[in-house]
Every structure is written in C-alpha cells, then in structure tokens.
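One chain comes next, on its own, written out as structure tokens in the form predicted on its own.
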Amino acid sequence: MDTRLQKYRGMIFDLDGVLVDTATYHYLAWRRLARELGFEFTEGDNERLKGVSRMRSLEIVLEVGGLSLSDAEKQAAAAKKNAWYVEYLCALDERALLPGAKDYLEYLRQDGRRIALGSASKNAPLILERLNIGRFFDAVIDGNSVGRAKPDPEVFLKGAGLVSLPPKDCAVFEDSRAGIEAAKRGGMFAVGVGRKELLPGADMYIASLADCYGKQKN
C-alpha cells in the first residue's frame, strides 16, 4: 500500500490523459482547422497544447501556421474547432476510460474521500456524461468556471474549496507539465500520470490510475 496517498482526504483529477484520452479527438479537430486555414498541424505540434485552454491552444496553432486573426475571427475559429470536437465526442462511451480510472474512483468513493474534477476543458460535463462517471464527483471545475489557465492554480484551489478541504489535504492527478506546476503552486501533492522526464516537479509518478488502484488494494 502506498501511504503517500492514504493521508489525503481530497482527490482532484484532471480529465484528458488521466481519466480518459480525448487527445486524439482534440488533435483531429485542430488539424482539420489548420488544413482549412492552409497549413499542416502535426502530432509533434499538438504536444504544445497539453493542459492549455482553448483560446491559448488556438494561438499556438496560429503560431505554427504563421497566421494572425482578428479577435472575431479567433472566436469563430475556436467555435468551429469545438463543434468538430463535440461531433467526435458523440462516439465516446465507457470503453474510452483509461486503465484503472473507474475502479479507483469507486474505491475512493467507498473509502469516503472527497473527489473533484479540475479540467481546462469546457466540455467536461458532456464527457463525464458520456463516460457515465459523473456520480463519483463531489465537485466539477472546468473551463467554464475559471478565468485563469494552468499553470495558475485557480482550478485546483476552487476544487479544494468546493470539497471543503485546505489545499494541503488534497492530491492532484495530472498528465501535463502545466498541471503539475499548478498543483504545486496551489500547495497540493502532485501525482504525475506519465513519464517522469516529461512531468518534472511531481511528488510521485504512476503510469496510469491502475497503478494507484493496485497499490490501494494490496
């Protein structure tokens, strides 16, 4: 049993890359937008978008293409990308959950932990509904309810507040560098979901929530 997690009463989860992998859908939508604008957007370019808000992601995509748009054009482009992304999400179901995600959430709920979602995605409620895991969360903080993107800790601090716990009593599960930085800036224990060299600064590392769930059960 990993005692490092046992002492935390609150668990705050990022969504994409931790509970579900919708990165492919994001990439397909951004690539589709880039091609419409006349340039290619590669999977390598897409790595820069991890954990970043929609409008900042658009700015990065435009940087890759060497383009500039007016504010109105940016809003229209972001809306178009999101419509395509939501279209792809219509095929999403519980099979898209990453290894160990549902088991670990069920374990935490039975153990009396407080659980929050802290995601930059404005589509988080739709994704939770499609995955049928919304019932596990005491609070959902997404891109619709925060004004500052990670690495600002706002999303995680709001999560801690909504489950009525101080930040020091919360552990954050993140797969992005910006998310790990946000968790640490918020005074929380940071669990990096992924390779250590890609997520510097985390307090512990797991390959997936299946690792965590196995450690809790043993």
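Keep in mind that this is a model prediction, so the values were computed, not measured. Numbering starts at 1 and follows the sequence shown.
Quick note: we don't show the form predicted together with a small molecule, though the next part is all about it.
Q: Based on heavy atom distances of at most 4.5 Å to the small molecule in the predicted bound form, which listed stretch, 107-115, 130-138, 94-102, 81-89, is the contact stretch?
A: Single hit among the candidates: 81-89.
Q: Indicate whether the small molecule has at least one heavy atom within 4.5 Å of a heavy atom of Ala178 in the predicted bound form.
A: Because no heavy atom of Ala178 falls inside 4.5 Å of the small molecule in the predicted bound form, the answer is no.
Q: Verify the contact flag for Pro153: yes if a non-hydrogen atom of it lies within 4.5 Å of a non-hydrogen atom of the small molecule in the predicted bound form, no if not.
A: Contact with the small molecule, no.
Q: Quick check on Lys122: any heavy atom within 4.5 Å of the small molecule in the predicted bound form?
A: Taking the distances in the predicted bound form, the answer for Lys122 is yes, it comes within 4.5 Å of the small molecule.
Q: Residue-level contact is defined here as any heavy atom of the residue lying within 4.5 Å of the small molecule in the predicted bound form; does Gly51 satisfy this criterion?
A: Within the cut-off, so yes.
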